[in-house]
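Let us start with two forms of the same protein chain, each given on its own as structure tokens and named structure 1 and structure 2.
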Structure 1
Amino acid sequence: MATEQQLVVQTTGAIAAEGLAERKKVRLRRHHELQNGTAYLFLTPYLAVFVLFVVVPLVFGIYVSLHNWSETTGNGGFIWFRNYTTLILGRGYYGSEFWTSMWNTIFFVIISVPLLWLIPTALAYGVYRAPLKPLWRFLFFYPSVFSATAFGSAWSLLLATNGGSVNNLFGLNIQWLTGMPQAWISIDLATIWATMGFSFIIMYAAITQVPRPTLEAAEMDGAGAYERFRLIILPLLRRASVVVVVLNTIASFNLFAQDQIMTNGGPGTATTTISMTIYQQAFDSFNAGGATAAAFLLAIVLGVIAFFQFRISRKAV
């Protein structure tokens, strides 16, 4: 009789324990659902803006690039990939101009990106060793607050052939903005001066993370400032250098405002970039379909370049 009572008690206890565990699971599941709902509630404004201003324009852009679309006449019909093949094969005016401006842009990238890494890195190391660090950081970063329109206009006035401050100050008669290769030199100088601030801050922050005991030990062993920079600091700056190179590559491929203001793509089409060609095709020739296709081709080129840069950097780090 006692054994049966114990069995009943044990069975009742097991059932109660199972019920309690199940209720805990239900409460825990409801708690997670409430947390997830709250998280999605906070994400909703961002997701709405993202969909409205990124996803919808992207999908519509793909749709436009597959049509004979004009801003003046609207949709002229579905033409499959004709806009893309016209540009890739270099057919017609904008087909040939696409490749001319693409090579101009690549030339600018090859010249500007190494300098936009080398100069900020050297300046960051110099500031790291110099007194009055806040002052130098402010001076080197300050040009970055100007818009491309502002610094492009300022450099246009400084480098004007007639009445320009540079020619007048040094008694020169150099066609900075209308001759080659002076036009590219002028655009490079203006771009480097105005945009190196962000790269400088990134490299300076990376240098400050280098272990000071390592530098002090190298100094005690007789390593000079240059040897410490070359043998210790530079190898530890690889990750920051990759970020700087990738960001400056993308920014240089999108060169537009300062080029438009300073040289207007001249002399001739010598400094016309791919962004300028896309703009001209869209707003001068009202060929939105071709311009959108060119923009997507540029995005593909940037994606491929960024992919290989990251792959190479991962092997080097």
Structure 2
Amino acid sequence: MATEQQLVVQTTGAIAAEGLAERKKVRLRRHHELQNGTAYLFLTPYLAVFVLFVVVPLVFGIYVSLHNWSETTGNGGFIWFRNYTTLILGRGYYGSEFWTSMWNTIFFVIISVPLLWLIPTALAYGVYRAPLKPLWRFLFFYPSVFSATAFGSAWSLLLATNGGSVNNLFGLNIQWLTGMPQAWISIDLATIWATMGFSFIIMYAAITQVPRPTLEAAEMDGAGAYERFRLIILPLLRRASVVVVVLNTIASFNLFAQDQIMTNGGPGTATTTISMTIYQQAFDSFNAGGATAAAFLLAIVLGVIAFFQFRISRKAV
């Protein structure tokens, strides 16, 4: 508080002595100093809802994960980290399912995240260069309006092995949903179809921000569309790409509904994801403790991956 008062005294003195220009300088100087009060005032609404609706359930979740907790019979006692070690060591049904589904999920993330960046970015650049922009924007964004239940069902029937429209239309006999790796391809396809709109809009918004003069100058120098994209636009999309990649990583790790509807985790358990396992453990087997522990382990995996994504994105300037 003392420093604050000193600052006020100093500034009032300064204002009296100097003119308008100096006053501006002082304002700026103050501006560039710490603004704890103002900042937390701005943050108050967010922090309030954050504490109420994220921190409270989260702390409770951690509490549950350290207990032998069942939805039906309640708290069965504090067991330290046994829920975590059971999962990590792959003990029991859910222990082995945890690892199977975790690897499945990681595999899905590895194939889907690059595509979920590449395809929307390419399409966004295409739309940026094409006429009829509103039409394309609508076409590439509208699948986002469908719920996972709706589009999952639609895709599962389009991709039916016998009598499905895709096989019928192209005269194929591919086991889209019951063969491997087709099952993953199908889920990936449906996921890209349905969730691409978000990434497309963000990448498109970012591309429209690239200064036109720079692009035109490059074109004058004879740079082709691809070169212009790679050399000028792409570096300027870094921040938007971070948003798209990080959020798609998180979304892909949480893959659930379309997978459940399209393959129900099959064939066998080949497309069972970690969210599906956690859900089963929590609500079908009434093991809230183990399920919450699995969810936090997933959060840790996600955190590590996101950390590296941030690091790489910072280095790749």
Partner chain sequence: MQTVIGVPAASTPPVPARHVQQRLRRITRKLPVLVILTIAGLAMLFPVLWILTTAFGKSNGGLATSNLFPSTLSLQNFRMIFNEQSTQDPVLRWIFNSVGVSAAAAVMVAVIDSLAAFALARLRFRGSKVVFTIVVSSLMVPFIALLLPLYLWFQYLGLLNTYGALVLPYAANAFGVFLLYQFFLGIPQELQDAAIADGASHPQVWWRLFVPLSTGITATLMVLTFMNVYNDFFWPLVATSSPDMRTITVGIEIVAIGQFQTNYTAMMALTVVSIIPMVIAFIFAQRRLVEGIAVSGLQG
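Worth saying up front: this structure is predicted, and the values here are computed from it rather than measured. Between two forms, the rigid core is defined as the largest C-alpha subset superposing within 1.5 Å. One-based numbering along structure 1's sequence throughout.
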query: Form predicted in complex with the partner chain - structure 1 or 2; finding: 2
query: Core-aligned C-alpha movement of G268 between structure 1 and structure 2 reaching 2 Å; finding: no
query: Cα shift between structure 1 and structure 2 at P45, which is computed once both forms share a superposed rigid core (Å); finding: 7.6
